[in-house]
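Presented as structure tokens, the chain that follows is alone, the form predicted on its own.
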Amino acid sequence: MTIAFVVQRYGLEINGGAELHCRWVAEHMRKYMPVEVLTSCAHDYITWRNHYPESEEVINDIRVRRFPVTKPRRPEKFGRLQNYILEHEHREKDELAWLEEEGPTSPKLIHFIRKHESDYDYFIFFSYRYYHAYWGIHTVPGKSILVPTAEHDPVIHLKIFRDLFRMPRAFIYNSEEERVMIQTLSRNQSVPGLVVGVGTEVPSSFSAERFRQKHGVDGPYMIYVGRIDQNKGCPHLFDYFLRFKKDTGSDIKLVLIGTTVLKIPSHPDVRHLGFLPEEDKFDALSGAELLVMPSFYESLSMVTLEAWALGRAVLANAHCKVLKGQCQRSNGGLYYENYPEFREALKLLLASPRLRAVLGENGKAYYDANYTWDIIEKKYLAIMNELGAGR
């Protein structure tokens, strides 16, 4: 059995989201079967401009085939198109025009899939909303497995995607909430699918003291890890945190790890450390009082799983059904819908080391039962074996 993972961009420098998810799964599945990756030459997810050469290369023992982007995304035009299709009556051709502008537009990639369909047993497509997944699944529906990485954002309601969700041979969902959302929208219950998610690479050792000394962080801190932008709920987090400091006089600090497209508040207890290596990230998580996840849109929060793997409690945005559901199933975190709930939940967590410890222990047990790599690998093998038996 030979598998092709098909994803919008790929590389060791791409350190988050569906692309990292895809790379980790591909690297783990190569233990069981030949694996290749088909992707674009893009690195920048804003414009999808060609960055890597059109070529084949080997990354961590996996052959990666890169195909050029013929039309980089123009953000202003893309924004206008998206506003139009979300706010006005429109035709399917308008949605397809939006899809082409969304990108990364790589006809050569789709041509390769069509020409080499017989070389692969299955094509595993990551991220439903992009050009490669939509046209790739249309090209090889009988061999396609979709990892949708779908969030509860407005574009999922487009007709082209409701139709797309009925085409693959199977789904690999990130969460129960994602499966319910897609099945409700598309009535695709007849398409096989498993809730799998992704494992995480937890180091064998980590040191909170090493993090504090290296980055000059003293006193108790809560931590946010991820892209710092609007959709991740960061403006609300900044507002809520600063109001909490004013209302309670707490000495808690907020440490932010990740790249930003927003202005970070100027406050002595808000520390933005930028992007950090994995060792520093896990050191930082291990020393935090808790992880805060303010995101409105997630299909699966990898950093939440990492926090639970280290036994850290989580405080999450209840407006994100995935985060709320995971906190409920794991009993590993609290959640909030507004500032008063944020304030009271954070006060409770900071006042009770025992509560934080119990939530962290529950989160660790949930991680161990569902998200270790041997469990993830077995689920991927199970869905492919099921499809093979049904041929």
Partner chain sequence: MNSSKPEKTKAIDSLEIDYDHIDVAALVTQIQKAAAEAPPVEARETVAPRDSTSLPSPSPRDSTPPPPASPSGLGPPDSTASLPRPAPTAPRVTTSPTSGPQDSISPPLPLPPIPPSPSPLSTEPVSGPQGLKQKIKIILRKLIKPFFPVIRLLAFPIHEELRTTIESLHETNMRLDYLFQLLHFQEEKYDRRLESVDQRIYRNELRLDTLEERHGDLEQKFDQRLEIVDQRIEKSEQRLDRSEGALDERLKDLDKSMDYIRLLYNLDHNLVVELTKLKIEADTLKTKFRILEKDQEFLQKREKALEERSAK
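For clarity, every value in this text was computed on a predicted model and none was experimentally measured. Numbering follows the first chain given and starts at 1.
Just so you know, the form predicted together with its partner chain exists too; it's not on screen, but the next bit is about it.
Visitor: Can you tell me whether I376 touches its partner chain? I mean in the model of the complex, with a 4.5 angstroms heavy atom cut-off.
Guide: No, I376 sits far enough from its partner chain in the model of the complex that none of its heavy atoms falls within 4.5 Å.
Visitor: State yes or no: in the model of the complex, is some non-hydrogen atom of T139 no more than 4.5 angstroms from a non-hydrogen atom of its partner chain?
Guide: T139: no contact with its partner chain in the model of the complex.
Visitor: Using a 4.5 angstroms cut-off on non-hydrogen atoms, would E306 count as touching its partner chain in the model of the complex?
Guide: Judged by the heavy-atom cut-off of 4.5 Å, E306 is well away from its partner chain in the model of the complex.
Visitor: Taking its partner chain as it sits in the model of the complex, is L262 in contact with it (heavy atom to heavy atom, 4.5 Å or less)?
Guide: Close contact exists here: in the model of the complex, L262 approaches its partner chain to within 4.5 Å, heavy atoms only.
Visitor: Run the contact test on E95, E102 and E337 with a 4.5 Å heavy atom cut-off to its partner chain in the model of the complex and return yes or no.
Guide: Affirmative, all three are within 4.5 Å.
Visitor: Which one, 209-217, 228-236, 272-280, 117-125, holds residues whose non-hydrogen atoms are within 4.5 Å of its partner chain in the model of the complex?
Guide: The contacting stretch is 228-236.
Visitor: Only one of Y224, Y240, Y173, F112 comes within 4.5 Å of its partner chain in the model of the complex by heavy atoms, so just point that one out.
Guide: The option sitting close enough to the partner is Y240.
Visitor: In the model of the complex, which of the listed residues (R73, K143, R179, K253) lies with a heavy atom within 4.5 Å of its partner chain?
Guide: The option sitting close enough to the partner is R73.
Visitor: Could you list the residues in 332-350 that come within 4.5 Å of its partner chain in the model of the complex, counting only heavy atoms and keeping sequence order?
Guide: Heavy-atom contacts within 4.5 Å come from G332, G333, L334, Y335, E337, N338, Y339, P340, E341, R343, E344, A345, L348.
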